[in-house]
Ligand SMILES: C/C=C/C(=O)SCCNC(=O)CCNC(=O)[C@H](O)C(C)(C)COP(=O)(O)OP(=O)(O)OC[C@H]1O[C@@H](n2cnc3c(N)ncnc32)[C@H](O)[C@@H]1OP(=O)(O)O
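Just the one chain here, the form predicted alone, laid out as structure tokens.
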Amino acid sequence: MKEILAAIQSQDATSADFANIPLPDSYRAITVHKDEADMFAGVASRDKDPRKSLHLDEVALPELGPGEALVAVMASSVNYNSVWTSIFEPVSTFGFLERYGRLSELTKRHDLPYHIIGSDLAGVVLRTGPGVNAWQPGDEVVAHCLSVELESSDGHNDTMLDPEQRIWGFETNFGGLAEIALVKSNQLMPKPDHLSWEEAASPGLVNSTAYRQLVSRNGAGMKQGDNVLIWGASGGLGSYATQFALAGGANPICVVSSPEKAEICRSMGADAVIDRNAEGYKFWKNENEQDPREWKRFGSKIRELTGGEDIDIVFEHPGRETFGASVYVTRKGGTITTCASTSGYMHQYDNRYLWMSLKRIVGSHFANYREAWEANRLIAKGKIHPTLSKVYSLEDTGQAAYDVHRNLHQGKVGVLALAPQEGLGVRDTEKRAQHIDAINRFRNI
């Protein structure tokens, strides 16, 4: 590992130099263990502690297959799928690995008694497998988390529709919270050269997800002037949705849970912000019954902020807690896009407000390669910025996941892998200087 890190830090090493560095037999990685999948049985979700289930292990280097690359990971980040994996909800991810392992001789590598997690990375290509031509050892890259096989025609119009579509590091093994990761070459994208390793690693999953859900024709197809309701607008996902709305000429209505988070949204340029805790919204009367009066009160607040207009697009991800209100406040002919359900998967809403007003609910899940590439391109151009707030060491990934699980974080939480310290990997200092305030926005809270 020392030789790999030395070559990366030298900035003078050639592709041939990287190709000639001997690869280690093993490396350090964050894992969950199959024999611990029932460790939280009977424990409430909120009380499940990732610090108990996440391990820093020495693991064997996987075999490199056709169309794949081994990447030295300088930095990664924690996403909600890492939290779900760590608490074994809604199901243990070992079921995913077992099913993937049955697909082919090559995918058997993924079915192991441990799962190396993580769906983001920034690093350097070490090796490429047969059939890889676009990437070479030494290339500085980030990776998106879409893993596809593309042997079915279903995926060739939109790769997200491939029957064998999976999320790398969640539904596959050898993820990014490690010193080395195994990816398919069509997951790779150029690292934005004005960002540090940890900054470049943090947008991947959430930035691409927000792009597809909000901007892409596969999602809401946002246009100039749209009123966009964004739940959790200062969070890991919502902070990118807020930026896309502002950059695209839309009007974000940002819903947050504290004055501090409201201020973050205003610092990004949003004018319309709702602190749901300060307003005291309670969309559920009890466990089984929602309160339409609260939907109406919420809708009235939105109209105060929009000059009397209703919502064109709802950027939904909380799920059960908010979905009824989201459907209600959307204008006639409007769109509710949903990509997750962090407060619960069983959504309830009054269908009269959907069918009689011709509204649409659009399911959106991560992004295809082109959408991820476009989202990364906007990062590289300085149009969209990382929302990194805090960085942990690989050894402290459990604490990082705990903080995300308990919503103790702002924006995104980064993790250093091979990078010995923060701030490394910047190649374009002039571009960085132009955007430094936006880059550090979430770190100055």
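Bear in mind that the values here come from a model prediction, so they are computed numbers and not experimental data. In case it trips you up, residue 1 is the first one in the sequence shown, and so on.
Below: the form predicted together with this ligand, not depicted.
Colleague: Taking this ligand in the model of the complex and overlaying it onto this form via the surrounding C-alphas, would you call the pocket open or blocked, using 3+ ligand atoms within 2.4 Å of backbone or C-beta atoms as the cut?
Modeller: Open, since after superposition no atom of the placed ligand lies within 2.4 Å of the backbone or C-beta atoms.
Colleague: Counting any heavy atom within 4.5 Å as contact, can you tell me which stretch out of 106-114, 167-175, 297-305, 186-194 lines this ligand in the model of the complex?
Modeller: In the other structure, the partner sits against 167-175.
Colleague: Decide whether V91 counts as a contact residue for this ligand in the model of the complex under a heavy atom distance cut-off of 4.5 Å.
Modeller: V91 belongs to the contact set for this ligand.
Colleague: Does the 4.5 Å heavy atom contact test between N81 and this ligand in the model of the complex come out positive?
Modeller: Close contact exists here: in the model of the complex, N81 approaches this ligand to within 4.5 Å, heavy atoms only.
Colleague: With a 4.5 Å heavy atom cut-off, would you call F96 a contact of this ligand in the model of the complex?
Modeller: Although this ligand is absent here, F96 would touch it in the model of the complex, with heavy atoms inside 4.5 Å.
Colleague: Taking any heavy atom pair closer than or equal to 4.5 Å as contact, tell me whether F244 reaches this ligand in the model of the complex.
Modeller: Outside the cut-off, so no.
Colleague: Among the candidate residues L205, A200, V73, L229, which is the single one with a non-hydrogen atom no more than 4.5 Å from this ligand in the model of the complex?
Modeller: Of L205, A200, V73, L229, the residue with a heavy atom within 4.5 Å of this ligand in the model of the complex is L205.
Colleague: In the model of the complex, which of the listed residues (H365, R360, K223, K285) lies with a heavy atom within 4.5 Å of this ligand?
Modeller: The residue from H365, R360, K223, K285 that makes the contact is H365.
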